[in-house]
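Only one chain comes next, encoded as structure tokens, the form predicted alone.
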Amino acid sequence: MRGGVKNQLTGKEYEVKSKVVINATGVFTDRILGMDNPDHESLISPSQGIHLVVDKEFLPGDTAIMIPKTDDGRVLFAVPWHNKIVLGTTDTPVEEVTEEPIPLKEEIEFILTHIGRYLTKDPQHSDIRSMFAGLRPLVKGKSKVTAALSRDHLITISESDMITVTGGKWTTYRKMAEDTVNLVAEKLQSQITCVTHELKIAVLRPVPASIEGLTDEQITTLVKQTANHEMCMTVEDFLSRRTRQLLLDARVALQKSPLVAAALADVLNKDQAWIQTQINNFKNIATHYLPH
């Protein structure tokens, strides 16, 4: 098989060849299947879940709580996380799949209204330090209620021999990989099997989840460490994925973004225009993590 890819960071385009193509694109699974066959059968029923992050004072201690059944039958939880409390979640069917899903007003209100009964005090919009949404690639079933659809993964092979793996969840990602790699080996008549059950996840020097309270010098050192050793390429990479500052407190992340951009530019040999673009891009993303 042959196709083209574009590096979104550099703009360079490449031609690639492969013996097997694997579609592992989560909620975008059907979009890729449509490129392979416009008449394909839809596999995914996307569902949105959101989280709200508040200060520790709303649930002192280190114990999480779960409310197994709210007024409308949903499950809620409050979990201590890096000196904050994560509140969640929702299960909202969505029609449009986007790269940056945004918490809906009714989802925010649902969590604030119901979780307040179990915390030391009722959280308000002004107490939200960060909020974020994710989309679940639920395997389509007959039920119209997404909470009832399967969280198990599904592997299919199209008429063009493209392999699609979809569904599943974070806790089963290695099993999903193992099943897919072993299927590829079978198709290629290879004796190689997936080694994930023996493979350890390497961890370099740990990066703190929060950079709040660190000096500018300490933050700069961390940024350069992740750029040199963990392929950190953008401000969002550092503030959302190397650390968790955007998820813990979006306002703090916004405040630190110029410092992070400058430190990254120093390592990556970027100019002032790149720095400003990075700051602007991050601001556009982080705005959606703030309560409105």
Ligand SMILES: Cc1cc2nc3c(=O)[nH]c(=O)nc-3n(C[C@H](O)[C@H](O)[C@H](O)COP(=O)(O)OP(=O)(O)OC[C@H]3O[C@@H](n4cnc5c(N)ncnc54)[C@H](O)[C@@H]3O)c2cc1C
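Numbering starts at 1 and follows the sequence shown. Keep in mind the model is a prediction, meaning the values are calculated, not measured.
Form predicted together with the named molecule: not shown, discussed below.
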Of Thr89, Thr180, Ser210, Thr92, which residue is found within 4.5 angstroms of the named molecule in the predicted bound form when only non-hydrogen atoms are counted?
-> Thr89
Check each of Ile32, Val252, Met233, Ala262 and return the one that places a heavy atom within 4.5 angstroms of the named molecule in the predicted bound form.
-> Ile32
Partner-proximal stretch of 118 to 126, 132 to 140, 217 to 225, 188 to 196 relative to the named molecule in the predicted bound form, 4.5 angstroms, heavy atom = 132 to 140
Indicate whether the named molecule has at least one heavy atom within 4.5 Å of a heavy atom of Phe28 in the predicted bound form.
-> yes
Please run the contact check for Gly168 against the named molecule in the predicted bound form: heavy atoms, 4.5 angstroms, yes or no?
-> yes
Looking in the predicted bound form, any heavy atom of Ile108 within 4.5 Å of the named molecule?
-> no
Would Met176 count as touching the named molecule in the predicted bound form under a 4.5 Å heavy atom rule?
-> yes
Heavy atom within 4.5 Å of the named molecule in the predicted bound form - qualifying residues of 47 to 64 | Gly49, Ile50, His51
